[in-house]
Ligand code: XUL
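Take a look at this single chain in structure tokens; it is the form predicted alone.
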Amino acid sequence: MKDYFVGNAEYFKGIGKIKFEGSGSDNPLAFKFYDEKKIIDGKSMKEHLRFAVAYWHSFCNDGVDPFGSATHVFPWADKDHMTGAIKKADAAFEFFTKLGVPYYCFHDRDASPEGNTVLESEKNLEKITGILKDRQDETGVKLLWNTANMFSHPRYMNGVATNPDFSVLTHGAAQVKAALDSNVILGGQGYTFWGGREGYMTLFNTDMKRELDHLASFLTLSRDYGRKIGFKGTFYIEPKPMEPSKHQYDYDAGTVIAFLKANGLDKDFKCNIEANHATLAGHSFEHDLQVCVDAGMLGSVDANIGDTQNGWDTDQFPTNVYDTARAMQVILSMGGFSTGGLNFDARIRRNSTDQDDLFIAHIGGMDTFALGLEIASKIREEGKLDKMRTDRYSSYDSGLGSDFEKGKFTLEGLRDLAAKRGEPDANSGKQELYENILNQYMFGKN
């Protein structure tokens, strides 16, 4: 991977390639724990973690919130939207190569401005796609996945595939078609559907069954088109429990998986799990990951963290090593990523206004997951926690418990066994011991 600049157009001036300097370094623009070449369980950290930068937060988030105007000034901004989009691509690939990430992700409207007509929008995206392809070829950075922004435009205020107005659905279809065309040209490893407004505000005006049927049909047509044009990757659904709709149809991993299986889409679709969405659904990050792994449907991860005191999707950079260690345990249990990776769907804070803040935030997130990977690898290598969990279910490994798992019992037979055996002995869950052992791995074991 080489650094990318166009002539003298360097947007992040004075910042060179971010290097690994180790935990003793005080350099804020250096990795302390992420050593991309370090081998863990037969693969490098870079291969395990497959980091990606989110185009939307990193190059489009200007700091606007409901209470204040923009605080981030983009040197690549331009009054001509297409010129600005080209400059933004140059800035993005400069950032990717200086940071040293192998992948990026984008919405169509992040990279390319919407036109006044469907045809104009398609031409804009087609031109920017060609530029992104050139940048990929020049740097070696690849597309992890892309998606279509079907939530920002006013036409989508009532959703897209679940919109009661068929004409709105057709506009969403046009966007997905163009985004899939772009994906195939760019060699994307996945394609994501983020149903930001696929839900309802009140059942008074909602035919929920009809909307869900329309959503299944929309996803099926999208799948069919993608395969027809040569997309060989995985389609992802990103569960989202709240905002902007009162009730999102893609509430959590379990809801999404059930929907996909019910509509025969589970062979082509998997989940893209976002940490902040999982916690807003009342789960832990690791819970939604485990639900997906158990179903064979974990595809990719949006790596971020929320604020426990703020009931909103705050999309902060991950800093909690407990979370990343547990997450990486689950990811390693499925053999690691194949087409997916860790995409930083995270944004710097509104009052983080220096140009190096974007680097510092990503460095922190990458270090946090690197630490989590190392801890998870040690836990799996020693096998102590896994054995404790396995032993807890040992009554099902042989004898009558094994017969039950093999379907050899009737309900009456189970009743008779209970009457014969009497009250069982207490079996401690040992939760505190598990937690203490995790602390040992994090802070005591070398």
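A residue's number is simply how far along the shown sequence it sits, counting from 1. Predicted, not measured: the structure shown is a model, and the values here were computed from it.
Not on display, but discussed next: the form predicted in complex with the ligand.
Novice: Just to confirm, residue 108 within 4.5 Å of the ligand in the predicted complex by heavy atoms?
Specialist: No.
Novice: Could you tell me if residue 56 has a non-hydrogen atom within 4.5 Å of the ligand in the predicted complex?
Specialist: It does: once the ligand is placed as it appears in the predicted complex, residue 56 has a heavy atom within 4.5 Å of it.
Novice: Going by a heavy atom distance of 4.5 Å, is residue 183 a contact of the ligand in the predicted complex?
Specialist: Heavy-atom contact with the ligand at 4.5 Å: absent for residue 183.
Novice: At 4.5 Å between heavy atoms, is residue 302 in contact with the ligand in the predicted complex?
Specialist: Residue 302: yes, in contact with the ligand in the predicted complex.
Novice: Could you check which residue among 175, 162, 147, 222 gets a heavy atom within 4.5 Å of the ligand in the predicted complex?
Specialist: Here the answer is residue option 147.
Novice: The ligand isn't shown here, but in the predicted complex which of 259, 151, 359, 251 has a heavy atom within 4.5 Å of it?
Specialist: Going through each option in turn, the one that passes is 151.
Novice: If contact means a heavy atom within 4.5 Å, which one of 236-244, 222-230, 96-104, 366-374 is the stretch that engages the ligand in the predicted complex?
Specialist: Result of the contact check: 236-244.
Novice: Using the arrangement in the predicted complex, list in sequence order the residues of 260-288 with any heavy atom within 4.5 angstroms of the ligand.
Specialist: Residues within 4.5 Å: 274, 277.
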